[in-house]
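Below sits a lone chain in structure tokens, taken as the form predicted on its own.
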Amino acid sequence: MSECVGIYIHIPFCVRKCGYCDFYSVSPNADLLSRYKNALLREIANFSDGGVSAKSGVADTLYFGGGTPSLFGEYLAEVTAAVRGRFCLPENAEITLEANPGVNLNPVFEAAASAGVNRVSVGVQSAHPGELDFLSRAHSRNGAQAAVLAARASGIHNLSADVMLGIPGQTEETLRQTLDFCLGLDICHLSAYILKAEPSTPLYARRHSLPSGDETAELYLFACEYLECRGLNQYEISNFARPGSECRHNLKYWRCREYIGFGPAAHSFFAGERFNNIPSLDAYFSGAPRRSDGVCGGFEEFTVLALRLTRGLCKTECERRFPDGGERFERLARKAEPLAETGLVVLEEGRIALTPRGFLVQNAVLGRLL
């Protein structure tokens, strides 16, 4: 286990919810934001670690996600100070704020930088007007550019952008334009997510308009190759970064390390257990207890998460984490041999990893291995 935990703060507010988003969020007002800040401070202060404070004594990452966390700008300093006090957040911790373009973010980023935020993730999604319109985004290409420039002007230089793959009408050319737009803003990290129509979203009614699986796969493979050639190396299924700019907080998830989530709908993995808060502000304000997801962190879960990373599953890490880890790794390696022959898996001495084509059929690959 990592000696340091990660802290996730869920900000469940957005002005306008995009048609593809299935995250828990509500419309804010000044009173609700203030009440929520106070509830967060209480939850952070009252967090009980079950007597294992030696493991939770230091948090080296803090992530404000949502929702639209930038709506919470005026309270970032108080919440960050509370986390710093409870979990001894060091000065070199990675502190990330997600932000959506479309409004003047200069005062938000100035407040964020003063609060210690040193990484910003901007929801660009696309640089193409038609694609932004389909996604119901409230910003333009110029708005996305303004958001990134505002973050940099505040003194925050660790900048990431989110883009979407598989938007109806998207081609390699429009995707290249979006990627070039992001690269032209000198970002050091990019997340490229395949658009999915979740049953609980308005997009689900329009799911038949989405490109075929084969078309989306070609866009994904194009993005992987294009970004690699331009210095953003793929390190996870959907994430690319310049060397040293990988998201330290998200790596905790994929390396099966500990993190604690605060706020409604926030999830945690701590002391061998997973638990979550009910996705309801009313329940959160009333102090509803966390719900248990059971004991976790076993070999299969560790394998599934490790195979999201391009470095894959390493024998030495299996041996270090599990008493029979070396033997179980070797059994997986034997099962992976035919998959390596098809180009879906890289099989090296002491390492099993998926290729970009393997990532596209990850569930099938895992079904063969586990």
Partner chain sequence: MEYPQSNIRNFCIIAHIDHGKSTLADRLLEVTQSVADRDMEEQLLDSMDLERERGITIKAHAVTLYYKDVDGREYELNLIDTPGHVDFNYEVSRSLAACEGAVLVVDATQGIEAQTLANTYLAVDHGLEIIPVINKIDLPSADPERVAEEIEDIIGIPTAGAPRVSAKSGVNIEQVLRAVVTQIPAPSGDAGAPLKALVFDSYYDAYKGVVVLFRVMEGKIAPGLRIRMMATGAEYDVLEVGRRGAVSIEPCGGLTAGEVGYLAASIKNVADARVGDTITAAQNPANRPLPGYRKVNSVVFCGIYPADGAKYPEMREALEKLQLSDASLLFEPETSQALGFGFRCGFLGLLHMEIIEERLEREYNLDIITTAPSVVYRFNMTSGQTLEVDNPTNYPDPAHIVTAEEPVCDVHIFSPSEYVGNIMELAQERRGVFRDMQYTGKERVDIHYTLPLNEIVYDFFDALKSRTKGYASYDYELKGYEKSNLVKLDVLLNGDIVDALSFVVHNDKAYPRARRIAEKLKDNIPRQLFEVPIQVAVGGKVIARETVKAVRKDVLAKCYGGDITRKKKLLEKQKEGKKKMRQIGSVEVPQEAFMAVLKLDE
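Owing to the predicted nature of the structure, the values given are computational and were not obtained by experimental measurement. Residue numbers count along the first chain shown, from 1.
The form predicted in complex with the partner chain is left out here; the points below concern that form.
Colleague: To verify the annotation, which of these, N118, Q170, Q234, T216, has a non-hydrogen atom within 4.5 Å of the partner chain in the predicted bound form?
Modeller: Here the answer is residue option T216.
Colleague: Considering non-hydrogen atoms and a 4.5 Å limit, which listed residue (H267, R176, R141, R230) is close to the partner chain in the predicted bound form?
Modeller: Contact check passes for H267.
Colleague: Using a 4.5 Å heavy atom cut-off, indicate which stretch of 100-108, 85-93, 144-152, 187-195 touches the partner chain in the predicted bound form.
Modeller: Result for this chain: 187-195.
Colleague: Answer with yes or no whether Y253 is in contact with the partner chain in the predicted bound form, where contact means some heavy atom within 4.5 Å.
Modeller: Y253: contacts the partner chain in the predicted bound form.
Colleague: Any chance L339 has a heavy atom within 4.5 Å of the partner chain in the predicted bound form?
Modeller: Yes, L339 is a contact residue.
Colleague: My question is simply whether G65 lines the interface with the partner chain in the predicted bound form - judged by any non-hydrogen atom within 4.5 Å.
Modeller: Close contact exists here: in the predicted bound form, G65 approaches the partner chain to within 4.5 Å, heavy atoms only.
Colleague: Determine whether any heavy atom of L33 comes within 4.5 Å of a heavy atom of the partner chain in the predicted bound form, and answer yes or no.
Modeller: Answer no; every heavy atom of L33 is more than 4.5 Å from the partner chain in the predicted bound form.
Colleague: Within 285-313, which residues have a heavy atom closer than or equal to 4.5 Å from the partner chain in the predicted bound form?
Modeller: Counting only heavy atoms within 4.5 Å of the partner chain in the predicted bound form, the contacting residues of 285-313 are D293, V295, C296, E300, E301, V304, L305, R308.
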